[in-house]
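Heads up, the chain below is alone and in the form predicted on its own; it's given as structure tokens.
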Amino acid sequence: MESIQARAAESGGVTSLVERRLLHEEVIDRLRDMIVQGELAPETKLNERVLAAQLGISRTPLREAFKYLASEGLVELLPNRGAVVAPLKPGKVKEIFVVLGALEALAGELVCRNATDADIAEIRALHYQMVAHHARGELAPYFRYNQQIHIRLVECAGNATLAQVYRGLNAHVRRARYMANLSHERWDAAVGEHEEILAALTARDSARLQALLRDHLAKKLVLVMEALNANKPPMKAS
């Protein structure tokens, strides 16, 4: 939040094209985190005046952020009601998870064939960063690196269409994936599964990697559905 306020103050209300783009991205990132991490609950009305004051920005970049997050399924723009945090619908979440499982399995096959050694080294570095945040109990940064790993696995598969479809669908269940770490036991288990995923990738064992990715997402789905059906809030980040 401080970086958003500082950028707005330094601009004096007159920003260059680059500055406006950076401000736009920062506002989107901040609002996305507030929604994904449960700071803004589903169906909460997004009060422009309050949020603009909280983030230290004008309402224009805020409204632009609402539109962008609506394309990710995190916000709903309602006639005469403004913007609200989109509800998580169990049926829709389940449908998307099933498709994502198939896409990740396909990516697991292709990435073993097409990823370069440099690609795998990058994913390994992301994994170690993720594990470090887990060791410190820092859920929010852990989740960011976790998502980067899954996205890079798909991107390194060498199929642009697959990557585009995956990114679009994954954005719609980002909150649900965050909720998969509701318990520390499950969080610990997820890290163990990622260790196995990295080992299979390093060995370029496509059959093993496909099975691991499919099973990893299936376990997430079970926990997410339990949380949604029980109407439990996501665990707060440390």
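Fair warning: this is a prediction, and the values are worked out from it, not measured in the lab. Throughout, we count residues from 1 along the sequence that is shown.
There is another form of the same protein, the form predicted in complex with another copy of the chain; it is not shown, and what comes next is about it.
Item to check | The single option of Arg204, Lys45, Lys67, His184 touching another copy of the chain in the model of the complex, heavy atom within 4.5 Å | outcome: Answer to the contact question: Lys67.
Checklist entry - Of Val131, Ala86, Ile120, Leu110, which residue is found within 4.5 angstroms of another copy of the chain in the model of the complex when only non-hydrogen atoms are counted? => result Looking at Val131, Ala86, Ile120, Leu110 one by one, just Leu110 meets the 4.5 Å heavy-atom criterion.
Next on the checklist: Each of Thr116, His127 and Asp188 having a non-hydrogen atom within 4.5 Å of another copy of the chain in the model of the complex: is that the case here?
Outcome noted: Not a single listed residue reaches another copy of the chain in the model of the complex, so no.
Checklist entry - Going by a heavy atom distance of 4.5 Å, is Ala140 a contact of another copy of the chain in the model of the complex? => result The answer is no: Ala140 has no heavy atom within 4.5 Å of another copy of the chain.
Checklist entry - For Leu103, is any heavy atom within 4.5 Å of another copy of the chain in the model of the complex, or not? => result Taking the distances in the model of the complex, the answer for Leu103 is yes, it comes within 4.5 Å of another copy of the chain.
Checklist entry - in the model of the complex, does Ile151 have a heavy atom within 4.5 Å of another copy of the chain? => result Residue-level check for Ile151: no, no contact with another copy of the chain.
Item to check | Ala135 within 4.5 Å of another copy of the chain in the model of the complex, heavy atoms | outcome: Flag for Ala135 set to no.
Next on the checklist: For the stretch 140-178, I need every residue with any heavy atom inside 4.5 Å of another copy of the chain in the model of the complex, listed N to C.
Outcome noted: Going through 140-178 in order - heavy atoms within 4.5 Å of another copy of the chain in the model of the complex - the hits are Gly158, Asn159, Ala160, Thr161, Leu162, Gln164, Val165, Leu169.
Item to check | Cα-Cα trend for Leu74 and Glu138, given that in the model of the complex the distance shifts by 3 Å or more | outcome: Relative to this form, farther apart in the model of the complex.
Next on the checklist: Since the Cα-Cα distance for Leu74 and Ala140 shifts by 3 angstroms or more in the model of the complex, is it a contraction (closer) or an expansion (farther)?
Outcome noted: Compared with the form shown here, the C-alpha atoms of Leu74 and Ala140 sit farther apart in the model of the complex, by 3 Å or more.
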